[in-house]
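Given next, in structure tokens, is a single chain: the form predicted on its own.
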């Protein structure tokens, strides 16, 4: 994580100051607990009430996760629609202090707004055998967790099977998830942020071999 660019300076005025947590400590703890619950129960939808109002195209749910998890020690990478918005860059800099990574393979967290056009999972930091935690956690903004493209999951934290159906996604996303799981304990972790809900897909979770489209 050494190839990091300096964080942009927040713009003066109210634009960067507005839209954060009303009660920073309490709200951050609530969001953090929700994220931890999502990762402990992969694939399950966890309610996340809207608590912030970031500049678009960052969604309220993804913004709340950013405020709860990002800090000056977590380099972040944003996809093109997010990185191209100065107001958003200033908002993240002011509220989190997180430095901007030079590329996805240098990021502790990645914010993805155009999931159907995102880089391959293999292009993000994968961690190492000695330090598997030095990998990227992707925060993917999706329209829904209940599309018709259902995927059945199994693995730690899942009693038998769990289903997940986020959309939109890249056309080869299932193959990417299988390849990511094959790297375990290395690999990326994924957090889907949809309107009012989140769901996690950690690297330890696998897609069932006979999983097929349903509906």
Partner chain sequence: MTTSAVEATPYNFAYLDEQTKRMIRRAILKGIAIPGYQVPFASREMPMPYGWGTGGVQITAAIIGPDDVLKVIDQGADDTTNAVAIRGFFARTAGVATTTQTGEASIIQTRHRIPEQPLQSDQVLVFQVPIPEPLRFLEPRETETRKMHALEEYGIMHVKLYEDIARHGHIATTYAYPVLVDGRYVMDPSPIPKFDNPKLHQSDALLLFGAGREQRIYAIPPHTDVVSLDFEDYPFEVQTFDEPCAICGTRGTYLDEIITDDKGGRMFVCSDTDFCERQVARNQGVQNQSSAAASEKTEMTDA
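Computed from a predicted structure; not experimentally measured. Positions refer to the first chain, counted from 1.
In what follows, reference is made to the form predicted together with the partner chain, a form of this protein that is not presented.
- Contact check for residue 71: a non-hydrogen atom falls within 4.5 Å of the partner chain in the predicted bound form.
- Among heavy atoms of residue 113, none comes within 4.5 Å of the partner chain in the predicted bound form.
- When contacts are judged by a 4.5 Å heavy atom cut-off, residue 155 counts as touching the partner chain in the predicted bound form.
- Although the partner is absent here, residue 196 is not a contact residue: none of its heavy atoms lies within 4.5 angstroms of the partner chain in the predicted bound form.
- Here is the short version: of 150, 26, 182, 53, the single residue with a heavy atom within 4.5 Å of the partner chain in the predicted bound form is 26.
- When you look in the predicted bound form, the only residue of 35, 164, 60, 167 with a non-hydrogen atom within 4.5 Å of the partner chain is 35.
- With the partner chain left out of view, the stretch that reaches within 4.5 Å of it through heavy atoms in the predicted bound form is, among 45 to 53, 27 to 35, 172 to 180, 142 to 150, 27 to 35.
- Along 171 to 207, a non-hydrogen atom within 4.5 Å of the partner chain in the predicted bound form is carried by 184, 185, 189, 202, 203, 204, 206, in order along the sequence.
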